[in-house]
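The chain that follows stands alone, in the form predicted on its own, written as structure tokens.
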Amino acid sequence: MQPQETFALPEALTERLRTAYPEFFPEILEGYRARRPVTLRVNTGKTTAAQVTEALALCGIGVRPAQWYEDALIVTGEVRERAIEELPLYRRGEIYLQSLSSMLPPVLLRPGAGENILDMTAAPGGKTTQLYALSGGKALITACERDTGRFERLRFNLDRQGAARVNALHADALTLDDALKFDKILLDAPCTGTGTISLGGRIRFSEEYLARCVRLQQKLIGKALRLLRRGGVLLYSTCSVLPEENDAIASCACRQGARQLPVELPAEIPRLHSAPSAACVCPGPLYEGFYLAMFTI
């Protein structure tokens, strides 16, 4: 393992993290340095966790389920993503490589049959296809993506996962007609990604970049509330641990008339402090940093 002193965060980010989480700062750094195991999600539209576990075992790959979600499997040993991607069951769309933290929003949103659901920034499609699977393929899902390359990746994953009823829109969700109304909305907002920093990985952070992300997040949360039907549920998430992108955006939603709903996470998931109704996952050996907040109107 590389010595810890070779891991350097941008000074501006270091100061923000020290200020926001003085007691958790060493833990966050350790989380950034952690080499997390490969995790994957079983596509229950095509197979079962038991069948996937057996198929992987035949390939010499061991897995264990996450305690809070039986369709989430944690790979044991030193197997990495490339080995999983070479397997037939991966190419058939029976499994999807996905971090445990990013599986939380669809699980919390609890998509149901017949519900009209919007995924506002959907590419590459992990959460979209998870929503589809959790609803048994019976939710009416609209998935938006404005970037052409990312939209093609979204369509590819929808096809591979067999999410045939998803309406994929090559469009900016901000341009949707406010007359449209959805029962549930997932806004996994573009962000600085400060929850997903890893040893040896590229760190993209600047004050200007943060400011751009916050401006877009404010626009998207406002749009989401205009598209949400009365009594519906909006889930806002980021893979950031910065309060400016998280609790501050939640406060923005509340100022626009939203009522925050409690986010309840399993006890084993490590958390940073956040607003009482929200949850901020601490980067660690198993989880990426992640933020979740839920609202209704």
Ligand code: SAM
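Quick note: we count residues from 1 along the sequence shown, nothing fancier. None of these values were measured; they are calculated from a predicted model.
Below, we refer to the form predicted in complex with this ligand, which is not included among the displayed structures.
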Inset, instruction - Considering this ligand in the model of the complex, find the one stretch among 169-177, 78-86, 199-207, 134-142 with heavy atoms no farther than 4.5 Å from it. - result: 169-177
Legend entry - Heavy atom within 4.5 Å of this ligand in the model of the complex - residue from L109, I117, A122, L73: A122
Legend entry - Residue among L158, A189, I95, I185 with a heavy atom within 4.5 Å of this ligand in the model of the complex: A189
Inset, instruction - Please state whether all three residues R16, I249 and R271 have a non-hydrogen atom within 4.5 angstroms of this ligand in the model of the complex. - result: no
Legend entry - Exercise: L225 in contact with this ligand in the model of the complex, heavy atom 4.5 Å: no
Inset, instruction - Using a 4.5 Å heavy atom cut-off, state whether C213 contacts this ligand in the model of the complex. - result: no
Inset, instruction - Evaluate R150 for contact with this ligand in the model of the complex, applying a 4.5 angstroms cut-off between non-hydrogen atoms, and reply yes or no. - result: yes
Legend entry - Close approach of R165 to this ligand in the model of the complex, 4.5 Å, heavy atom: no
Legend entry - Members of 230-253 lying within 4.5 angstroms of this ligand, judged by heavy atom, in the model of the complex: none
